[in-house]
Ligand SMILES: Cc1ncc(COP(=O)(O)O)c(C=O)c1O
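Next up: just one chain, as structure tokens, the form predicted on its own.
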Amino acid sequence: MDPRLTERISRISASQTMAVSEAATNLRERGIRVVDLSAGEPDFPTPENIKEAAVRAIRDNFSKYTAPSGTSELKGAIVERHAADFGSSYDVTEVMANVGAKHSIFNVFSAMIGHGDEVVIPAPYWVTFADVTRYVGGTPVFVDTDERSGFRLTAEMVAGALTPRTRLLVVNSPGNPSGAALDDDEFVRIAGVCRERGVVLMSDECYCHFLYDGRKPFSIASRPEFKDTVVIVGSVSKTYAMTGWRVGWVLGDARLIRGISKLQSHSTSNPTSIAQKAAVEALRGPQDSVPEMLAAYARRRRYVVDRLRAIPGVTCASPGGAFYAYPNVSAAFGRGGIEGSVDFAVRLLEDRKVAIVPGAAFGTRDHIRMSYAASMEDLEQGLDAMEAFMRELGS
């Protein structure tokens, strides 16, 4: 066999978030206790009613292919839930189901981005946005946000980054890795800039239900004037603690949906039939688990941010949503052989057995990402270890 890989594969890198998880797993397999604060997934179990729906699907032999874009039942449930939560008005011809939101994003980029097209991505950013842009032949254009403002994007920043080659703006609010959450009015202004300049806005809503300080979830799709220039990506993964079930979706123009449905028919085909039944129950069934998880995350957020800010040399913007803290640990750089966030993450795992993700994976050198989708015991132990580590370095 010829081992040479295509040029497009060389454009992308392995996910550093996955690499950290694998390193932590390797330690655990050797019997070493690791406090894992790297995971980007809820630590809650999938609700019982959702699991029971999957069991029923298995017993009913719902195990055949479905339409590539998902069952009519699931597409109807997606449209209904989005309308109920946000007041949007999508039709079933304007939605399709994918194998998780990461797959949704890959499909959207594959269908929309050609060679030389620019994709504007606020930094810090979720790792996949940049790599998928490169994979499909596009050019990522990064817009640095400010830690002092909580990493929030503004319409002025967007306007300054757009060029005649800009095809897409990516907005992830609340966001991974920083937890930054746009103000609703600013989101509308950003959408207005995109509409005026002929740029499509892709809104990643995977964390949309996890907002703090009394804020209500918001979707730019609730504003009908932007419907033609907005693409929505969503998922059951975070909202219903269903990361492994792999069901996501795209809401957008029917022409785009037909295009990515055609692509999906030649790649994965349909999302798993059984998982689709579970997703229908998640979307149409009781929603009690969502505020319960949010309340737990809110308590953990307060604890984690307070603890981080009490560590000498560490600063931390307060996350407006999601379940991540994104502290600045640059005070440790230049000490003990640590030159950046990657060194910091490696040493923290090796020396203190705490797994976090270096900010270099997300486009910033000075930060690390810590997930507080973890037990209070793990958060306490992890922060104790990090504080001791920073003091040992003399930061």
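All residue numbers refer to positions in the sequence shown, first residue = 1. Here the structure is a predicted model, which is why all the values come from computation and not from measurement.
The same protein also has a form predicted together with the named molecule, omitted here; what follows describes it.
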ask   = Within 4.5 Å of the named molecule in the predicted complex, do V329, S341 and L393 each have at least one heavy atom?
value = no
key: the named molecule in the predicted complex: contacting segment from 186 to 194, 256 to 264, 300 to 308, 98 to 106, heavy atom within 4.5 Å   = 98 to 106
task = Counting non-hydrogen atoms within 4.5 angstroms of the named molecule in the predicted complex, say which of Q276, S203, S235, T133 makes the cut.
result = S235
query = Pick from R152, K227, H209, R246: which has a non-hydrogen atom within 4.5 Å of the named molecule in the predicted complex?
reply = R246
message = Taking any heavy atom pair closer than or equal to 4.5 Å as contact, tell me whether T239 reaches the named molecule in the predicted complex.
response = no
task = Report whether the minimum heavy atom distance between G40 and the named molecule in the predicted complex is within 4.5 Å.
result = yes
ask   = Does the named molecule come within 4.5 Å of any heavy atom of W126 in the predicted complex?
value = yes
ask   = Are there residues in 170 to 194 with a heavy atom within 4.5 Å of the named molecule in the predicted complex, and which are they, in order?
value = N172, N176
